[in-house]
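Given as structure tokens, the chain that follows is alone and in the form predicted on its own.
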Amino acid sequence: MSAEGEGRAGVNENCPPEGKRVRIGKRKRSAAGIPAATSSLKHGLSRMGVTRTWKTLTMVNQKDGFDCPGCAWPDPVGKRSAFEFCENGAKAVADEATKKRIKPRFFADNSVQELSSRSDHWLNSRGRLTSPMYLPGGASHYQPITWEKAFELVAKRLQKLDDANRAIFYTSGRTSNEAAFLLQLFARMFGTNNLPDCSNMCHESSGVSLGETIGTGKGTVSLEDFNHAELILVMGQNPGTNHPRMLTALRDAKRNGAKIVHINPLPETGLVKFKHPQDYLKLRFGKDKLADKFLQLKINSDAALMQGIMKMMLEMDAEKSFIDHQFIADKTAGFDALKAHLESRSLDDVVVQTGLALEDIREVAVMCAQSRATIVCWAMGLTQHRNAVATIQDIVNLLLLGGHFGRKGAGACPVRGHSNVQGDRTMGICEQPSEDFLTRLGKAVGFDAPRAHGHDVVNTIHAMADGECEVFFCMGGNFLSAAPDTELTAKSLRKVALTVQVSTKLNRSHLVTGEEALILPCLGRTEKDLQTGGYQFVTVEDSMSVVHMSRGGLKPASLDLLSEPAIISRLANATLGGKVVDWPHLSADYDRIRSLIEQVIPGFEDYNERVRNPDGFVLPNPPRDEQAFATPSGKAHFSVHDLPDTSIGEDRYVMMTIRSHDQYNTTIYGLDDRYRGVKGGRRVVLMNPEDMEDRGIIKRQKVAIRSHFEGEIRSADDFAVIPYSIPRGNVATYFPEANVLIPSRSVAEKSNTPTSKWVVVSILT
């Protein structure tokens, strides 16, 4: 199979503006500071104006305000700063609260084909969607449709299906707890567990790994733990761009005496030096150095590094006890097997696979051995590999060796992306729900929930391609740009009878559609939500299992917008009727939704009362709270894994996809990457200068990239080569531009997550 030359229009056109050329500046040596404050203000003023900028930025992440629509980093407990946001949070807020509007006339003036020729950056910059729009079969333009007609259209399509599993209900991580719970209830009452979500493409590997080893798929640390940590390993993560508020926690940890180790194929500015913009108000002008050590390893050699460190720790333990033997004896199983495996492991193999010097690995091993409170943080740099689950289980092994669970300042910290991606999963957005959850749901509502497993994201793409799906309902996000194998995903979407997008902004998924398509515009986080029961708030769960309120304060972008709970409720009522569930009654007052949630999901008892606490409440976490592990044996499990085969052949490179500093997930705010010194374009490939010299490639030279997987070739052209500090044999590109190169069938074992961080490519000049 070859995807070369197939239908690129409307799929992968994130090119720089005509007449401009990618420019290369100096990489920044410190994060945040005055440039971040300036950027935040610039984005706010240009999109919202003075008054609106002040109002929104003083509400974001406040106890009586709204949760940032960006990342899921937790808010501080107790007193908060008046400006509790980061640069990228300010961009996300300004992007949603923009004054620009897309009205029906816009679609009358612009055909789908014309819009398809525009970049993702241009599409997003048009402003907020204001009215429901309908694209009839064979039509060239979207046209206005009433809400009633839209719900009737979707309901009739669903009711005509001969099998409920021919419908897919996808969810983005920005969806609130209330909307997520209603959506999964609707889907299951309709008769399917086809509930893929963005977790399938990012931290699914974390959930599977942790679930198998410690009995919960969630992290085991709190924000307060960072103040008590002795050692923090930050692996496969770029917090300066993706979770900037994390830098404050790392700064405070460093000031409290913690050592920080930065482990990544790319040097990330945020982990070198950090200057909190608000320090200037306190007349503090110095910068905080964060990382004590940077290990620049090759892509996907993290497992080799972990096993090398553990082998060294066991050798040191023979002379002086550096292992928590009591914890291992009382709380774990499988230690002897891991010990035997590590004793047989050659450190020479570790050095070759990682590309690191043995003395550098040993230096970090000593830190790990001596630390009595270690936190390991990771993100998608670890989760999007074929062996991702095994790699994360090696992190768990390292933590178990030192007894770093249920201890202050210690634990596992998967740093999740979108603001409520963890909450969505807690609410039941899952294609493989547990029997306990389904039993509780059926008992609380009064129906027999389906048991057959549904489709995750990758299986959804193939189900659509094989003609097994007739209705694709997308609650938020930009499925086409987020998914792997862009050309295949586009072809798959075009085979569907009806695609429905619940959205705040225009994106690529509105332009690559089924036979018919609907755009249903919804309220954003920043906006007031008025239902018949009064002004409503929603709730979210952050990366550290804190559930709290979010209440918007801005006037809605249009009087024709509906909230996500209202959209689901009205669609469910049109499809199923109200004999079992009184859908309008539920969505009229979100307290009623939360009352139903507390009957179904453990830890949400007295939900409405506890969530009104200004700091919210923390969900139970047995490994963290009491060193208890809900595994079949009742103990935490050590795991034994061989190292992956990282050979790729001659004249090939390993490509990973990354974000720029001017984007969040698939939303493109601008064409610069300030921290990496890339300006004016996104179709770039970061490459080791020595690799460039060997190939005779010069700076900014245009190349084509070909990916190789089991005889299949996928192609992307017109990428400018940028010399960068990256290990030899490795290259990096931005997504979604390079998603066209990611094979949909190249997935992580067990989690089925696309391997967006391990793509074997060739570079053609």
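Each residue number is its position in the shown sequence, starting from 1. Computed from a prediction, not measured in an experiment: that's the story for all the values here.
Note that the form predicted in complex with a small molecule isn't included here; everything after this is about it.
The candidate spot formed by 299, 381 and 476 is fully in contact with the small molecule in the predicted complex: every one of the three has a heavy atom within 4.5 Å.
Stretch-level contact analysis of 199-207, 572-580, 185-193, 402-410 against the small molecule in the predicted complex, using heavy atoms and a 4.5 Å limit, identifies 199-207.
Of the heavy atoms in residue 266, some are within 4.5 Å of the small molecule in the predicted complex. Shown alone here, residue 682 lies farther than 4.5 Å from the small molecule in the predicted complex, counting heavy atoms only. In the predicted complex, the small molecule lies within 4.5 Å of some heavy atom of residue 417. Though the partner is left out of this view, residue 522 does reach within 4.5 Å of the small molecule in the predicted complex, counting heavy atoms only. The contact residue chosen from 353, 222, 507, 536 relative to the small molecule in the predicted complex is 507, the criterion being a non-hydrogen atom within 4.5 angstroms. Checked against the small molecule in the predicted complex, the residues 243, 637, 311, 251 give one hit for a heavy atom within 4.5 Å, which is 243.
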